[in-house]
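Below you will find one chain, with nothing else, as structure tokens; this is the form predicted on its own, and questions on how it binds or moves follow later.
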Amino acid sequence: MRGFTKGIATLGLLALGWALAQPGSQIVIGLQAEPTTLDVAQLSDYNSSRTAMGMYEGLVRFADGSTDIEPGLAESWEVSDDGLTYTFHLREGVTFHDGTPVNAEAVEFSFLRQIDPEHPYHDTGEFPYAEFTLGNIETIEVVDDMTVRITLGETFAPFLANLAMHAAAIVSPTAVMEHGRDFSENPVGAGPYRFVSWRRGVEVVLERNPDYWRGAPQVERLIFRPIIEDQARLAALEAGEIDLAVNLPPDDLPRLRDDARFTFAEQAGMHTWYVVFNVTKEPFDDARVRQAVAHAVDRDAIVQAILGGTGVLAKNFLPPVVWGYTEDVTEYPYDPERARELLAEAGYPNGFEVEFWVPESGSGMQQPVAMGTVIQDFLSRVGIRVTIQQFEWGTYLDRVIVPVENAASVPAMFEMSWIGDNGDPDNFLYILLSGDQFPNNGFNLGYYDDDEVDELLRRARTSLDEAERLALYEEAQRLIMADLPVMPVDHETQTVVMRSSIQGFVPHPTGVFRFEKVEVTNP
């Protein structure tokens, strides 16, 4: 065995003297949309993750402000020389919010519930990340009460990073057994906050976990409120009805920066906003049509005029902050004449009609209606006649995340965004564009399937040689951007606006909210 041990101590947070918890303190967070679930194994969007993740803990986790791996419920671990076997040693004395122990059996239950169709509680949910996050697991062995051994079917370079993702968080088996499919509305984890209530369309309330192993959070209560309209979210912030908000109208941000009542927290995100082409449908089964759309849309104008500097123009599908990014790819400058030429070559000299689906708001979607309307206008100038259909976010996800056998029900063109989960290129390129990752295995929503790209992405995720992985991912990006199964528009800069009384909030690259080190100076 090649052993590397990390973080045997509990990080010494209590010894470092966290401030005392603040009685009666609370933070009200304005969400873009209603959470779709609070079951950590079923999360698939920002709003749900931002609400739920504070209730859960995994074997490992991402460090504050980065995607570096640090201990979580596992205080140490070893990896075999062949990279196939991971042995985790759990932290003693940790309990779930219902008082039951966090042990090796809970780890086994949490993982097998998702990946074993024969598991007695597999029917308690739909697990969209299970195959991507945990699907390479061959066996899970409970060595003893506090030791669990996981063996993979093949080497998998991002495995530890995947274990820090939400789908690998550990849930209370007792709570799942008690509530079944209703666990989503009765969530129990081992995180810094615990569930109080969920009034759909109104709010989700969490309270601090006084027994959290890292030390009880300072802020007593978190309240998450869905406010779909950006202007309404802005009005609520300025009226003092909420304390923290994201995705406010870009035109209003300069004014808020000059208002002493508010402070900003910003970070380049692992984010891409893009248009998906359903490549199983005409005319988007032809790469020339997809390329024509990209040349027809002035994406830089969208970034400048609509997003107001809260995003950067996407030259590639992979965000620049993710390692492996390259700009050695085909680019698509605004060129309506070239768009018309490509349409004529593809047999559409007079353009065509297409339905374009747009959510009202949603996870990382920035200004989806405004952006969709501008895209519609640009396409009309080259003869592509676009009809926009709008949907509420939860309904939208249900309609676009469907198995390939139902591909005919998915429109030829629709908006989407993705925020990286673990800082690895695999989490963008494989899960979103591999032919292995059609729903419900992953999120290749346009059903793109290219043998050469698939082979590159498979090899890259199973290699333990980082230089080899880099070369494979660079080649995959070149092929993808030449074929253009998706049209990347921008990479969002995370911009969080909050009341100046909130201290210590730092955005995380994965986009989740962490409040355990936050305090309110004037509760």
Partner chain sequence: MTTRGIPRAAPGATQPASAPPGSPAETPAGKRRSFWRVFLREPVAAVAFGVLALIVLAALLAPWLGLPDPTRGSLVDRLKPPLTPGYPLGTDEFGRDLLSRVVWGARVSLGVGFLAVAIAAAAGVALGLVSGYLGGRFDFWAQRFIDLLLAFPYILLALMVVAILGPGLLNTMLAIAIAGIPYYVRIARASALALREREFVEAAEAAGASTGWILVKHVLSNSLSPILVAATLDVGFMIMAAAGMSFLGLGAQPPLAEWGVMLSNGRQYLRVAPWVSLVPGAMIFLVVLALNLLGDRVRDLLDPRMVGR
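Computed from a predicted model, the values in this text were never measured in an experiment. Residue numbers count along the first chain shown, from 1.
Another form exists, predicted in complex with its partner chain; not displayed. Remarks below refer to it.
In the predicted bound form, Gln231 approaches its partner chain with a heavy atom inside 4.5 Å. The shortest heavy atom separation between Gln376 and its partner chain in the predicted bound form is within 4.5 Å. In the predicted bound form, at least one heavy atom of Ile306 sits within 4.5 Å of its partner chain. Among residues of the shown chain, Arg200 is not one whose heavy atoms approach its partner chain to within 4.5 Å in the predicted bound form. Comparing 144-152, 363-371, 264-272, 313-321 against its partner chain in the predicted bound form, the single stretch with non-hydrogen atoms within 4.5 angstroms of it is 363-371. Residue-level contacts in the predicted bound form: of Glu337, Glu331, Glu92, Asp251, one residue has a heavy atom within 4.5 Å of its partner chain, and it is Asp251. Among the residues Lys281, Arg288, His119, Arg381, the one placing a heavy atom within 4.5 Å of its partner chain in the predicted bound form is Arg381.
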